[in-house]
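Below you'll find only one chain, the form predicted on its own, shown as structure tokens.
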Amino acid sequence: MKSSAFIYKGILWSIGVFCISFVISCNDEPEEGTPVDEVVTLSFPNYFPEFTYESIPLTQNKIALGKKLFYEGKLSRNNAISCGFCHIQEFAFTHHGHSISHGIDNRMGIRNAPALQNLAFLSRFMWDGVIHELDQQPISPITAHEEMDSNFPQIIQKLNEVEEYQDLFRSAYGDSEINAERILNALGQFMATIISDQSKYDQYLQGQIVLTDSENNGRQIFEQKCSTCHTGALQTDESFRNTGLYFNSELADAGRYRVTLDSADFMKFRVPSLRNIALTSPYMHDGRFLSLEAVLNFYSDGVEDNPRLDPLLRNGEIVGIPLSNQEKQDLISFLNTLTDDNFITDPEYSEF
């Protein structure tokens, strides 16, 4: 496993390439005959938060380029691993069935691939929050030894050998230059469009349907016992919390501590969104639980007390979240209403 210092050094090097490319590209004028790139306005419910994504406006050609790059194996050293390899649309863009995601040459990482959805509304990315900008997020998997194990000079060289990419970059940016800043921006623009907002729960919030008794009971239990962290339309407050998971010494992942080196952050991980949660097993940062039942059993009976345990999981002598078997069943019924079937089949997000 690489050290955090090594990873962040690689990220800083990549950002340096990014900045140099940005300066160069800003001085270019659009080539004659360049197609017009239309601005895209995304729609989402009024109970969603405001965009945090700053690389606007979103445009049709940049999004199309980003989508192609998202499924492009040439972004990896061996031309086989794309972003879509670990983020599969039909499973809410997770690596379904893999506790720990694996990348190039079947190398194993240390974390479960998180879902990609509603990213344009977030301000922190990765399980430890090390990335703050959506356009910069791809730097980590692209350069990580256990994921794509590549670098931007290699990627740029490979893409320049494909005439189609020269045309796509010209359509998106006014000329055919391929550079790191443009690659990252196009990927960011595509990921910003990946919005899940058509679940059964969304229909309920919009007054279009009525939940079943079990679903509604689960909703009430959820609001009482879970919604402080899994809050709002995104089902996350983006905080970092120690939930009483035992430290896996084999993976040696200390969560937020890897970023801050503050002992208070040991085993704190970012609160994930619960949208499409029924599709994204296994669960937790290391995929240790294979079912929603197992997750709820953990919170009711398996939380380990420790000095850094989140205060919300300790009430006097009680550690965890008291839940009866019926409450767990109703909670799962409610969590199933967060599945968005349109999202996982939308051709706007698919490779083909």
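Nothing here was measured: the structure is a model prediction, and the numbers come from that model. The first residue of the sequence shown is number 1, and the count goes up from there.
The same protein also exists as the form predicted together with a small molecule; that form is not shown, yet it is the one meant from here on.
(message) in the predicted complex, does Leu296 come within 4.5 Å of the small molecule, counting heavy atoms only?
(response) Answer yes; at least one heavy atom of Leu296 falls within 4.5 Å of the small molecule in the predicted complex.
(request) With heavy atoms only and a cut-off of 4.5 Å, decide whether Phe70 touches the small molecule in the predicted complex. (result) Yes, Phe70 is a contact residue.
(message) Even though the partner isn't displayed, in the predicted complex is His102 close enough to the small molecule, meaning a heavy atom within 4.5 Å?
(response) Output for His102 is yes: heavy atoms within 4.5 Å of the small molecule.
(message) So in the predicted complex, is the small molecule close enough to Arg256 to count as touching (4.5 Å, heavy atoms)?
(response) So Arg256 does not count as contacting the small molecule.
(message) Give me the residue from Ile178, Leu168, Ala192, Cys226 that has a heavy atom within 4.5 Å of the small molecule in the predicted complex.
(response) It is Cys226 that has a heavy atom within 4.5 Å of the partner.
(message) Just to confirm, with a 4.5 Å cut-off on non-hydrogen atoms, which of Tyr204, Phe222, Phe91, Phe266 contacts the small molecule in the predicted complex?
(response) Exactly one residue meets the criterion: Phe222.
(request) Would you mind picking out the stretch of 208-216, 125-133, 168-176, 195-203 that comes within 4.5 angstroms of the small molecule in the predicted complex, counting non-hydrogen atoms? (result) That would be stretch 125-133.
(message) Leu274, Ile277 and Met284 - do all three of these have some heavy atom no more than 4.5 Å from the small molecule in the predicted complex?
(response) Yes: Leu274, Ile277 and Met284 each sit within 4.5 Å of the small molecule in the predicted complex.
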